[in-house]
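Shown below, as structure tokens, is a lone chain in the form predicted alone; questions about how it binds or moves come after it.
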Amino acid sequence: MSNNYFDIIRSGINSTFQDKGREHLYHIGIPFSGAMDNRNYLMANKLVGNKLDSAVIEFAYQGPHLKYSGEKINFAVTGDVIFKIKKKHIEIEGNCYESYPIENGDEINIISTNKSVYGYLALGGEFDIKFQWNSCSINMKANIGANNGKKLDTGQRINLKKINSNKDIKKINYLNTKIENIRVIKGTNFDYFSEHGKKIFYEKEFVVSKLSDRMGMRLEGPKIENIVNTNIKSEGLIKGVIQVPADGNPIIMLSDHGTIGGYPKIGVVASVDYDRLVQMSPGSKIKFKEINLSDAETLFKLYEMETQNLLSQI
């Protein structure tokens, strides 16, 4: 039994273990999964001195309330998140992108995200959890990953198997930016849609529906007209692809998406915009902007370079 552990006082909403996800398993129907907002995931691990592919706790809207037992350890929270640290009955307002030490009996209370969806909690050490296909990432739809593929639950205990020896405090000034337009590349079934439907897709606003989760983001707005067929033979899907079912409302496939689908694909979200896309909460307005493949590749490379530069500053 571990001498270092957390008891979950409140599990929060959709709190799961996540890491960089699973590669090369689409052919057997296993999606990539992994942290939804990759940049915030990486920064959380760097702030506590972990390897960048270490497991973290990802939460949506409201995070967990945890009580710690054990020797001193650092933690950090990333995203646009409100949280508090309780030390011997004194509450401290926490700041994102800054590591904090906690000791035996201290509590971390992650109250909510702020006009966003996902936040990340990293501990300076290793969780005692099981890996499946070289990843701990939980996919609740398929019951895959650590914790028997299920989200964390109130009353549960999380054991640690290792604590980092380096407990230096780290911080970085970082602001999560919003994005006006989501840039997209034409999809393989782009010509299934009428000229009017294409115009609507690029010129009108869509609203993020409440019926959105780690599997997909449903949008509501003016209907996109299909003039060929509202169904196709099922074929492979990728993260960020935008399908349009018969009702004309787009669905963006996210990290836990199914690996095949039979709705026509009008576009694919450029990877550079994915981290900010997933942080758009229900009720947010989305507008799409077309870019070509070469521009999408260049923009993503620049985004990756910017991410590495941020990590080097921590």
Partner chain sequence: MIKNISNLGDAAVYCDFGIEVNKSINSNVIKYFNSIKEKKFKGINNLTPSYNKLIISYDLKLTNFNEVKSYVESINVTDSITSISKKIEIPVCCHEMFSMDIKRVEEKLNLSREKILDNFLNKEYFCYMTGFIAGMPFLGDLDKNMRVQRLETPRVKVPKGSVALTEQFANIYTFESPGGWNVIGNTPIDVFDSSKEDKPNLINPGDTVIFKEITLDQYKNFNE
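Quantities reported herein were computed from a predicted structural model and do not represent experimental measurements. Numbering follows the first chain given and starts at 1.
This next part talks about the form predicted in complex with its partner chain, which is not shown.
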Quiz item: Can you say which of 66 to 74, 277 to 285, 259 to 267, 53 to 61 gets within 4.5 Å of its partner chain in the predicted complex, counting heavy atoms only?
Solution: 259 to 267
Quiz prompt | Contact residue in the predicted complex, from 152, 219, 241, 224 (heavy atom within 4.5 Å of its partner chain) | solution = 241
Self-check item: its partner chain contact at residue 133 in the predicted complex, heavy atom, 4.5 Å
Solution: yes
Quiz item: With the partner left out of view, is residue 185 within 4.5 angstroms of its partner chain in the predicted complex by any non-hydrogen atom?
Solution: yes
Quiz item: Would residue 89 show up as a contact with its partner chain in the predicted complex if we use heavy atoms at 4.5 Å?
Solution: no
Quiz item: Is residue 85 close enough to its partner chain in the predicted complex to count, meaning some heavy atom within 4.5 Å?
Solution: no
Self-check item: Residues in 277 to 314 with any heavy atom within 4.5 Å of its partner chain in the predicted complex
Solution: 293, 296, 297, 300, 304
